[in-house]
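Take a look at this single chain, the form predicted on its own, given in structure tokens.
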């Protein structure tokens, strides 16, 4: 799908990755509908982008927020592309995570994208060619200690994407899945940054994620995992999960030490 003159709805627009994606799409000539909860941040972002773009102040987790987004899309004449980018994560031992935190993570990362997509499918279907892009994670395919609820939410998003892609295969709406690895944003918690350094995890920039997203859509690749050796680990985990079990179990003392030495902080991705 070419992006020039396409109307694109982007959730999580003011996050670290969201801003990079918005700039990349604007450079492609797209008209953006930027969704977020902070009016000032949305206006600032829109003012920095080439072209004319619309902001939508709404919380995707709420029914009212999703209805606001739908109404704005209808009033604007429809959309060509929906990018479900808004998300949240916490690096914390599962038994220490509050019920509210777990619920919020599942609502934000899985339930809200599903419900928003369901509401917008009729608008997308009215176009001669349209698409949905769900931003997942490598952790949606590899269960990692310290990210239990996050892994569950992103695994669910991956399954949702796959099933919806097949269900809409006889329509003009394509469904894509992009799975970034660790990404350098200012909102990463100190514990998460320490973990990445200690484990030697490679960390991408938000701009690299944005470039991968644009390439995914323009080349019509339905699924893309970012980074090496992460791509390899995903395949190994699918075929030989016990190998990954053993590798991660060996790292548990280090992971627990980091968790004990840092205050857990919620991060937005």
Ligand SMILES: NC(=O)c1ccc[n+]([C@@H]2O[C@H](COP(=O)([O-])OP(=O)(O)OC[C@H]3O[C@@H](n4cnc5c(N)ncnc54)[C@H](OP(=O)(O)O)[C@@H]3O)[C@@H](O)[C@H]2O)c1
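Positions refer to the first chain, counted from 1. Since we're looking at a predicted model, the values are computed, not measured.
Below, we turn to the form predicted in complex with the named molecule, even though it does not appear here.
- No member of the trio 141, 159 and 212 reaches the named molecule in the model of the complex with any non-hydrogen atom inside 4.5 Å.
- The named molecule in the model of the complex comes within 4.5 Å of no heavy atom belonging to residue 221.
- In the model of the complex, residue 91 stays away from the named molecule, with no heavy atom inside 4.5 Å.
- Contact annotation: residue 125 falls outside 4.5 Å of the named molecule in the model of the complex, judged by heavy atom distances.
- Although the partner is absent here, residue 83 is not a contact residue: none of its heavy atoms lies within 4.5 angstroms of the named molecule in the model of the complex.
- Listed stretches are 24-32, 59-67, 235-243, 46-54; the contact stretch with the named molecule in the model of the complex is 59-67, by a heavy atom cutoff of 4.5 Å.
- A single residue from the set 194, 104, 97, 119 has any heavy atom within 4.5 angstroms of the named molecule in the model of the complex; that residue is 104.
- In sequence order, 12, 13, 14, 15, 16 are the residues of 1-16 having a heavy atom within 4.5 Å of the named molecule in the model of the complex; the partner itself is omitted from this view.
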